[in-house]
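Heads up, what comes next is one protein chain in two forms, each shown on its own as structure tokens, labelled structure 1 and structure 2.
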Structure 1
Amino acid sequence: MRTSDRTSLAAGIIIAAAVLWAGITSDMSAERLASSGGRIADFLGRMMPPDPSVMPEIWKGTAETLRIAVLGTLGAVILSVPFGLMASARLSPGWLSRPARFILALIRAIPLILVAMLMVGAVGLGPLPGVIAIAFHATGMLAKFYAEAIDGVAPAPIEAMESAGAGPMLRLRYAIWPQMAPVIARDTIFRFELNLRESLILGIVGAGGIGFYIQTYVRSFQYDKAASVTIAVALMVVIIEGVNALLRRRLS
């Protein structure tokens, strides 16, 4: 048996065991499974037709989601500059950059929704916990990207400029900045897109934005209204992706 065959066999056994375990121990009797199809159909039926009367709420929620994403991204950028500098292997000594990178990895490992729940507990309901949660969560990724942008600057053009007599400010302006700026702009826009997407659901835990209405309408059995909001959220994701694809093409 070749190594790759043995690996696939082991993987197969593990997957089968996991499915078996999950299926047996979950409370999913055959009857319940069989009847749930009908119930989902019934549920979807009650969502139809979507109720367009919630347009004002959709606009309000969308605007708040956008505000949370903008302010959260701004907070993340402000935090990511110092953390990015600290995490840069080029600029910072190992005793600083290694712990900084480790902390950023920890931050990335905590799901946003969890941070948001904790922040709602700490500062109360509304958009503020959402902004704080986004800023915190996004810094884990953005500061890492900024550090990589710094470390990716090629040293040769800087040395060439120094050799031609350019002072430190001009080297920063003409050798370092043009290498870093497009990378930082691209990463920040990418992170803004993620923030916008992720903040759509923050309202579910009470941290502001359009997600709040989904939660409210589902809890109060107004499924036709929930459907309208869900469609609006899906549309927003599509629009965000389109805009981002355009921007990315221009920045490459």
Structure 2
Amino acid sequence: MRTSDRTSLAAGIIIAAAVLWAGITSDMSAERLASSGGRIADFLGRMMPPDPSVMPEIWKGTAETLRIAVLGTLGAVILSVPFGLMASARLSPGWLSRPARFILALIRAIPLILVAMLMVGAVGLGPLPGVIAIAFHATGMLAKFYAEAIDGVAPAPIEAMESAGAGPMLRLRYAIWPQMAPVIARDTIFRFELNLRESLILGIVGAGGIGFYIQTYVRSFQYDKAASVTIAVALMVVIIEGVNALLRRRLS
């Protein structure tokens, strides 16, 4: 048996064992799922018809969610530029790029909700902790994208400028940036879409946005109002995703 075949077989056995272990140790049964149908139907029935009287709250929450996503993305871009430069193996020495990449991986490992809860405790309720949490958490991914965009450019223009005595910043400006600009724009737009989706749930921990109203209405058993907010959230996500897809196609 070839080495590649043995590797594939071992990987298949590990995956099958993991699925089997998860299925056996989880408290899952068809009976429980079948018995939940009535409760789900009752919950959905309480949400119908949606209550349109909450439109002022929907507009307010939607605007706040958009502000959190926009400002959080801006903060992430500002933080990601220096971190991306430091994490780039092409521009930075190993003693700098490796620790920078480790820090970015550590940031990505921290759940957004945990960051938001810490920020709520530090600066209080409202959109500010949401903006800080989004900016911090998104930097872990966006700076990694920026570093990979730098490392993925064609080396010939960089080597030509380096042989002419150009420093790192000149190489970045004239040899690297023209190649990576479309990738940077695409990744930033994609991250904004993710930030918008994540900011929708920050209201659950008091970090502002339309998620605050969903939590309020559900906890007070006003399911018809929660349904209206949920529909508004779904429409906003669909619209933003369509706009982002259009922008990404223009940039590709």
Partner chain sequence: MTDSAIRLDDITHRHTPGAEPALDGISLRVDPGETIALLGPSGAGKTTLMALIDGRLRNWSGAARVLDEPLSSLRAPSGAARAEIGFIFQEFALIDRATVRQNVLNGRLGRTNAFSAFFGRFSAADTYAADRAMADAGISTLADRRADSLSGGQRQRVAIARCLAQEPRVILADEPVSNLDPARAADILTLITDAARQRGATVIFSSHQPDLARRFAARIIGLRDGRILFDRPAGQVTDDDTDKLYRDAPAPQGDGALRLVV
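Reference numbering: structure 1, starting with residue 1. The model shown is predicted, which means the values in this text are computed figures rather than measured ones. Only the largest set of C-alpha atoms that superpose within 1.5 Å between the two forms is called the rigid core.
- Both panels show the same chain in isolation, but it is structure 1 that comes from the form predicted in complex with the partner chain.
- Comparing the forms between the two structures, the C-alpha position of residue 176 differs by 2 angstroms or more, with the core used for superposition.
- Taking the core as the fixed frame between the two structures, we note the C-alpha of residue 18 moving 8.1 angstrom.
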